[in-house]
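One chain comes next, on its own, written out as structure tokens in the form predicted alone.
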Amino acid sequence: MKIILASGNKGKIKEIKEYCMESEVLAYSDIIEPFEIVEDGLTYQENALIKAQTIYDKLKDREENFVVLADDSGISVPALGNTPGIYSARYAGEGASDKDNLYKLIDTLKEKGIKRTPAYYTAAMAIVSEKGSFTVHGWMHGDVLAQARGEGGFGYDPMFIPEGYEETLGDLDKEVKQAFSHRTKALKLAKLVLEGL
């Protein structure tokens, strides 16, 4: 079965491809011209379903035996009212880079006088196929710092310290993160759904 990813985020695509090595995994942009998908849902789950369904509808007449997998994820900081939440990818504005978003969150913590505070990542995955639509979730808890440490990972990883560690995801080896990340937890559940299709 071919898995088509409804994402243009290179970091996410790389992580999902590495996790699903026994399947043929393609980004939708390998098949059709990339286009803007309006993510106007109120939850990660709704946005993941919007992305997966949009790509499935675009490809159903030209592909066979495929499923679309979409991920919507972000970071929430309870001390900041659970922001940026579903707006994590555009926290610093439309078209913002990972670095722009990272440093906006760091600056926001600094403005509030917060050096370290609890936070969590959420990943919702939607799977759309001819057999229907399914969603799963994964979470990773820890703390965020009002500084960036390390060059690894992507997004908010250089400021996030997972529970049980003192290094940020920017400092930790990729294999360590992959063992327990929110996306890995969601992918494990998504794999069970895929095996049942």
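In this text, residue numbers run from 1 along the sequence as written. Keep in mind that what you see is a predicted model, and the values were worked out from it rather than measured.
Below, we refer to the form predicted together with inosine 5'-triphosphate, which is not included among the displayed structures.
Hey, in the predicted complex, does D143 get a heavy atom within 4.5 angstroms of inosine 5'-triphosphate?
The answer is no: D143 has no heavy atom within 4.5 Å of inosine 5'-triphosphate.
Applying a 4.5 Å heavy atom distance criterion, does G155 contact inosine 5'-triphosphate in the predicted complex?
Yes - in the predicted complex, heavy atoms of G155 and inosine 5'-triphosphate come within 4.5 Å of each other.
Give a yes or no for A89: in the predicted complex, does one of its heavy atoms lie within 4.5 Å of a heavy atom belonging to inosine 5'-triphosphate?
Answer yes; at least one heavy atom of A89 falls within 4.5 Å of inosine 5'-triphosphate in the predicted complex.
Using a 4.5 angstroms cut-off on non-hydrogen atoms, would S76 count as touching inosine 5'-triphosphate in the predicted complex?
Flag for S76 set to no.
Contact check in the predicted complex: S7, K12 and E39 versus inosine 5'-triphosphate, with a cutoff of 4.5 Å between any heavy atoms. Do all three pass?
Result yes, every residue of the spot touches inosine 5'-triphosphate.
Scan 91-118 and write down, in order along the chain, each residue with a heavy atom lying within 4.5 Å of inosine 5'-triphosphate in the predicted complex.
Those in contact are D98, N101.
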